[in-house]
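Consider the single chain below, provided in structure tokens and representing the form predicted alone.
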């Protein structure tokens, strides 16, 4: 019999891992509309519902806008609500993403990152969720299937905490993680559900004995204050994220933080990145270390709330840093992660030469050779002590 101290090792794709996490979470309502490459998550979960393995009310809707709308209604009524989407479906939810956050509803969503049209592309990059980085949703990114599973379970606790009450999204890279199989450790069902706990909303619309107004018109008199409350909740979420991670480690042994520092303590040069490319970067770091090159990697896990002080502390000793984005802001300045980190460095008075690299748009491969080239370029910057000749760069792009 499986116990909390025993490990169940199974082969799962990223989509299967997230659907298993949803089964263990056993939400009250799941509303969804299929879109590649996240379709399998809700498809598998719908079978769980049909087989009676969960008590969830599964609502097949006519669009992703409707999916988020149904989740908003269910959450407002007092239900634990979840959904999943990608790319254009995520974009179709756009209006409702802001509504969910503004109403402080702890909806949890799995997002399989995929490029936005046009041109049409079904493969993975971060342009969809990066576009909503300031929508008021907690954003947690995953390097692999294990992290996707663990992050989704933790996200429920984080979102529903009384100090937070914000929606949360958990991301994986489309096809690279969502459709590739790897060995992961599943928690025992009972232990997972104990960790998540029962959802007891403080207020909900179906509590007829304690009626309240939700989503009323809010003009100049109080709109500003309510938006500030949302921002304050995001600030408080940082502490809750660390508390939940500590409890997860205490119960199950796997450790999580705002980011993972890989051989950063004595690193002279490093890459900062998000998602599956970090696994490839680790192998490059290991190889460079055998050659006496002090390389490191900072893998961002939590992007919203943005842990800017912690990131600055982790990279301030470097001689040069490369910041890799799998999205491009098309703003003639710099992509999202680069802009956030360099702003944090500036505000902290830290002068680490930083170089921007956009990679992997539309699912284009980034290989160990590409990553090694990045390390070579920032190594040259670190030795010269001068500003990089080219601040904004594109990896594996046809010229």
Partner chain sequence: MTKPDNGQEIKPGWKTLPEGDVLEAGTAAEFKTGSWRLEKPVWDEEKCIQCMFCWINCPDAAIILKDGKVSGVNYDHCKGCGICAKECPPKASALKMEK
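Residue numbers count along the first chain shown, from 1. In this text the structure is predicted, and so the values were computed from the model without any measurement.
One more form of this protein, predicted in complex with the partner chain, exists but is not displayed; see below.
- The partner chain is not shown here, but in the predicted complex it comes within 4.5 Å of a heavy atom of residue 104.
- Within 4.5 Å of any heavy atom of the partner chain in the predicted complex lies no heavy atom of residue 292.
- Taking the partner from elsewhere, residue 215 is found to have a heavy atom lying within 4.5 Å of the partner chain in the predicted complex.
- Residue 211 belongs to the set of residues with a heavy atom inside 4.5 Å of the partner chain in the predicted complex.
- Heavy atoms within 4.5 Å of the partner chain in the predicted complex are found in one stretch of 129 to 137, 96 to 104, 276 to 284, 308 to 316, which is 96 to 104.
- Put simply, of 179, 236, 263, 299 only one has a heavy atom within 4.5 Å of the partner chain in the predicted complex, and it is 236.
- Out of the listed residues 183, 232, 190, 120, 232 is the one that sits within 4.5 Å of the partner chain in the predicted complex by at least one heavy atom.
- Contacts with the partner chain in the predicted complex, taken as any heavy atom within 4.5 Å, map within 220 to 237 to 221, 222, 225, 226, 228, 229, 232, 236.
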